[in-house]
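First comes one chain, alone, set out as structure tokens in the form predicted alone.
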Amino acid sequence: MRPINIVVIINSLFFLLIYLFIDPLNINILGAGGILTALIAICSYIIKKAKMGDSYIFLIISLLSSLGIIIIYRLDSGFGIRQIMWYALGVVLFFLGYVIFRYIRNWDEYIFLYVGTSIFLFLLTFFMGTTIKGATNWIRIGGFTFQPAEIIKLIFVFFLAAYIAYPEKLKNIYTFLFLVYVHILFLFLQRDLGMAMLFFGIFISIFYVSNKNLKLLLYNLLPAFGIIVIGYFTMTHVQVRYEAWVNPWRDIAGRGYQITQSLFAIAEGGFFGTGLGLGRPDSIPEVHTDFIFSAVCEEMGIFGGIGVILLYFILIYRGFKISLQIKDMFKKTVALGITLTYSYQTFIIIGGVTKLIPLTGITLPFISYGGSSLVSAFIAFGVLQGISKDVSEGAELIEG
């Protein structure tokens, strides 16, 4: 069976279940599901017929987004409608990102523009930011809020790639390292330790792949420990999350409430889940954002959760494959950086809600509720789709 047919069947079944679950019956749910499924089918057809490169990337991220919309809609129909709108905007920006990336040929020449734009957005957040969950990383304009760091993630990858492709554009490697740590310092000052660690993980991974100086690499690992230690002693919300991770049962009604409810929900679901709409994931605070994976496990079971993780594995595999096959160093690094960004982000949040690692405020890509994270992820994968076009054409294939 063709992958698009599987996506259509899964979407149809899930939206039918949601339609039957919500009382009174609301025909708008079936309409929204039909429009969403038709949009995925049409976009998939366009990608295939226009030979826009990898034909699986869009299907996988759309399937993950659909799953997120279904769970969010089941939790709160208002949030569900908004997430559908964000998805539609994300699809538009996915194709726009593809076209713009393909149209402009000299992305590797704008290293100072990337740094300047990032610092501008950081300063904007610093002076206009709103504090949510202990971190000042949101900007509120009118009735909308957005997180500039979600856009800076992609710009940061472009900055790293521009330097790796042409290191002579900066005075020396220490200038490069200084600019990297300026990014991380701004995130630290915003008290967004989770995003700071994500940026550091992207940097150190790309630095490890591209740099042969092992001693310099080891020196760069030290700041990671410094960030964690200083963050723990200076940020209350970091202390709370760390203590809740070490022993959530000691204060189960307070600091450990979120993580224990998450573990209860996963245990309640068992292997096959309680069934869509039959669990109580709404008892977990922030279930539609940080803890949405727990809701998936409760109502779809451990096997449902494993299915979601496998989808991420396939997506990451496609990203690494594109990165390995492309010759151009800038595009290779951008493909690697985008893949690492979303693989680390997935690990951090799933590890957090299952108590493998301390919880951070990072969202689960494509599934969690939130316009900034969803839209920026679609833009990033639109760029990856554009890079895969070179691979599919065979012009950049590595010989052998």
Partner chain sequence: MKADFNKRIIHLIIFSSLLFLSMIVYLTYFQLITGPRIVDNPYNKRQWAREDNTIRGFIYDRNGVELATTEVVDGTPVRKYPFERIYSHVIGYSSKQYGKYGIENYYNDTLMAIGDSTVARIREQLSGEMIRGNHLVLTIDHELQKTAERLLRGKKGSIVAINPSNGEVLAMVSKPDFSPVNLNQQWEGLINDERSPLINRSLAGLYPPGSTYKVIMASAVLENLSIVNTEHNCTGSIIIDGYELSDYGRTAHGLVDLTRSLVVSCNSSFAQMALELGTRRVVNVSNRFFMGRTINSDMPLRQSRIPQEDDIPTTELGAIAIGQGRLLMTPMHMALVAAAIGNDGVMVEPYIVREVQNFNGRVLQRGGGQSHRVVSDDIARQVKEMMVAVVSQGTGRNARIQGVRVAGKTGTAQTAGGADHSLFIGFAPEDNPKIAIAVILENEGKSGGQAAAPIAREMMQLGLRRGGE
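Here the rigid core means the biggest group of C-alpha atoms that line up within 1.5 Å when the two forms are laid on top of each other. Numbering follows the first chain given and starts at 1. Keep in mind it's a predicted model, so treat the numbers as computed, not measured.
Form predicted together with its partner chain: not shown, discussed below.
Only one of the listed residues (Leu263, Ile100, Leu121, Ile155) places a non-hydrogen atom within 4.5 angstroms of its partner chain in the predicted complex, and that residue is Leu263. For the candidate set Ser210, Thr145, Thr117, Asn220, a heavy atom within 4.5 Å of its partner chain in the predicted complex is found for exactly one residue, namely Ser210. Heavy atoms within 4.5 Å of its partner chain in the predicted complex map, among the stretches 313-321, 236-244, 90-98, 70-78, onto 313-321 alone. In the predicted complex, its partner chain lies farther than 4.5 Å from every heavy atom of Thr130. Using a 4.5 angstroms threshold between heavy atoms, Leu30 stays clear of its partner chain in the predicted complex. Remark: Ile42 does not count among the residues lining its partner chain in the predicted complex, judged by a heavy atom distance of 4.5 Å or less. Interface residue remark: Val229 is not counted as part of the site for its partner chain in the predicted complex, having no heavy atom within 4.5 Å. Although the partner is absent from the chain shown here, Ser283, Thr333 and Leu356 each have a heavy atom within 4.5 Å of its partner chain in the predicted complex.
Residue Ile164 is the sole member of 149-182 found to place a heavy atom within 4.5 Å of its partner chain in the predicted complex.
In the core-superposed comparison between this form and the one not shown, Ile10 has its Cα shifted by less than 2 Å.
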